[in-house]
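Listed next as structure tokens is one chain, alone, in the form predicted on its own.
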Amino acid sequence: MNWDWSAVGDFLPYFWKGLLVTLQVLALGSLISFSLGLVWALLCRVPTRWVQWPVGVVTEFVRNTPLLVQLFFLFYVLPEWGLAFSAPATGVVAIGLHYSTYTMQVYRAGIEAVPAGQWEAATALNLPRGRTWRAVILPQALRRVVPALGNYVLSMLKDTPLLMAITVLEMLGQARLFSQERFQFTEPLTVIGVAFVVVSYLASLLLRTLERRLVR
């Protein structure tokens, strides 16, 4: 087998398109998972079973269902109920929703790690409940959970190829399209593998930098 550098050059336009889609899905999916995960975590602390129980059922169901099944459900089943989204939007929502059930646990651990004295001090100062959360609890909790949230960003990145199943042409989808057109598989798939390693490494460096700045 001979390596064909011309095939690599021909594949680059496909690659850049796929990389852009992958990064867009990763950024928007991360935003949804981080935001929704915090909402789930706060709802779990509401002192009434009528809130905690439904939240627990929903998050357990989503967390224990394969992401691929959720992608198929959102893309193929929801349109039958009148809720149709584009393939990229479906992928973003599915990844964000799926991983929000994991980030929820991270937030819960971070909140529970805040010393009880912080709650007592806020109470002694007669701070309103909302301000206690915004000014005292969440800033401390969020600094503690950055490393764990970063791990889930990398997990989301590695799950983006699943979006190919609903016609989203991210990096692997573009490699498959190129391979079907040119009948060359080694070069595009190798480039994609290297790209995932590079993007994952750069993302981990950014997360470590953010973690160091937050710890200061």
Partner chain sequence: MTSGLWELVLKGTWTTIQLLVLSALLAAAVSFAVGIARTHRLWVVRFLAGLYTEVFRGTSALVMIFWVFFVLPPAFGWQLVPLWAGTLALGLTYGAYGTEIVRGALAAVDPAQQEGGVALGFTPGQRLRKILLPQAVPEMVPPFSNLLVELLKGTALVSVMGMGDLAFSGNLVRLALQESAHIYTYVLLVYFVIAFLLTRLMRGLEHHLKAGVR
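Predicted, not measured: the structure shown is a model, and the values here were computed from it. Numbering follows the first chain given and starts at 1.
Omitted here: the form predicted in complex with its partner chain. The next part is about that form.
Enquirer: Using a 4.5 Å heavy atom cut-off, state whether Phe85 contacts its partner chain in the predicted complex.
Expert: The answer is no: Phe85 has no heavy atom within 4.5 Å of its partner chain.
Enquirer: Classify Arg108 as contacting or not contacting its partner chain in the predicted complex by the rule of any non-hydrogen atom within 4.5 angstroms, answering yes or no.
Expert: Arg108: no, not in contact with its partner chain in the predicted complex.
Enquirer: If we define contact as a non-hydrogen atom of the residue within 4.5 angstroms of the partner, is Glu112 a contact of its partner chain in the predicted complex?
Expert: Output for Glu112 is no: heavy atoms all beyond 4.5 Å of its partner chain.
Enquirer: Is Lys158 part of the interface with its partner chain in the predicted complex - any heavy atom within 4.5 Å?
Expert: Contact check for Lys158: yes, within 4.5 Å of its partner chain in the predicted complex.
Enquirer: Tell me which stretch of 88-96, 124-132, 67-75, 141-149 has a heavy atom within 4.5 angstroms of its partner chain in the predicted complex.
Expert: Stretch with heavy atoms near the partner: 67-75.
Enquirer: Quick one: from Leu162, Leu169, Val153, Leu38, grab the residue that has a heavy atom within 4.5 Å of its partner chain in the predicted complex.
Expert: Contact residue from the list: Leu162.
Enquirer: Decide if the three candidate residues Glu60, Phe185 and Thr190 all line its partner chain in the predicted complex, where lining means a heavy atom within 4.5 Å.
Expert: Yes: Glu60, Phe185 and Thr190 each sit within 4.5 Å of its partner chain in the predicted complex.
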